[in-house]
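The chain that follows stands alone, in the form predicted alone, written as structure tokens.
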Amino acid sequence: MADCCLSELAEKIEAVVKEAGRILINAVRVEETVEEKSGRANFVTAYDKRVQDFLFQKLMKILPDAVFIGEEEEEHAALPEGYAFIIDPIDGTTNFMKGYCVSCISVGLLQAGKPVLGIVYNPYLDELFRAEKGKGAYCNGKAIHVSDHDLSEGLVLFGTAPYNEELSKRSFQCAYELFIRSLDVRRSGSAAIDLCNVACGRAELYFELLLSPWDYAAGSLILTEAGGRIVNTEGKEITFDEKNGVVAGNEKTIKVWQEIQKA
């Protein structure tokens, strides 16, 4: 797809995502719609499904040949050689159902298994992060870039992989090792928001020991287009056809993570 066509497509998708954000803002009696999924503290609300259905209907009209992979589908399609939307309709569902306003909509567009467009929208702050492959990253139209600070001058964001209890202890051990080497640590409950916060220099490192592709498909491109680096927890390239542990930051902070893992 030519750059001009991708940019036109991005404008249309951005408008759809912002429209979907109003569903979150106007949600009422969310806790009455909650259902449990497999895994500890793994929930879905009627609004997750409503946002996903809305996105599916709108995005398929924009790019009808694309495969649609959404978190709330019972079965997920394999990544094609062509285009695929990978979507988290509400990243931060537990936050959403508790009225703790740190949730977002994440839409990644992949071509041949690689991200070419990423959009993350936090409707509570009206912040829309967007990146097109090779064209930089932006927040509400303003160019963003990762911080170049050392970890000793930085904040660490992390997720606790709450659906996988076997990783809980290690998650907090890693967080402690980073805490004593940094200014402080933060836990938001949204991987996509955390990746965007690293992308725009609000924090210097993010990690989570296990995530699904819809958690990072959009945010990973925003992060790399902002000059950052994202790898799996073993330091290898992340993939989008299976779960990955994720580490994101600048070269210096990624190096600290790798040194801790070797110790």
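Note that residue numbering begins at 1 and tracks the sequence as displayed. Not measured: the values here are computed from a predicted model.
The same protein also has a form predicted in complex with D-MYO-inositol-1-phosphate, omitted here; what follows describes it.
Remark: all three candidate residues (I90, G159 and Y163) come within 4.5 Å of D-MYO-inositol-1-phosphate in the predicted bound form, counting heavy atoms only. Contact annotation: I69 falls outside 4.5 Å of D-MYO-inositol-1-phosphate in the predicted bound form, judged by heavy atom distances.
Residue contact check for R187: one or more of its heavy atoms lie within 4.5 Å of D-MYO-inositol-1-phosphate in the predicted bound form. In the predicted bound form, D-MYO-inositol-1-phosphate lies farther than 4.5 Å from every heavy atom of E204. Using a 4.5 angstroms threshold between heavy atoms, A191 counts as touching D-MYO-inositol-1-phosphate in the predicted bound form. Proximity to D-MYO-inositol-1-phosphate in the predicted bound form, defined as a heavy atom within 4.5 Å, holds among L63, L210, A46, I238 only for L210. The candidate stretches are 108-116, 142-150, 82-90, 124-132, and the one lying within 4.5 Å of D-MYO-inositol-1-phosphate in the predicted bound form by heavy atoms is 82-90.
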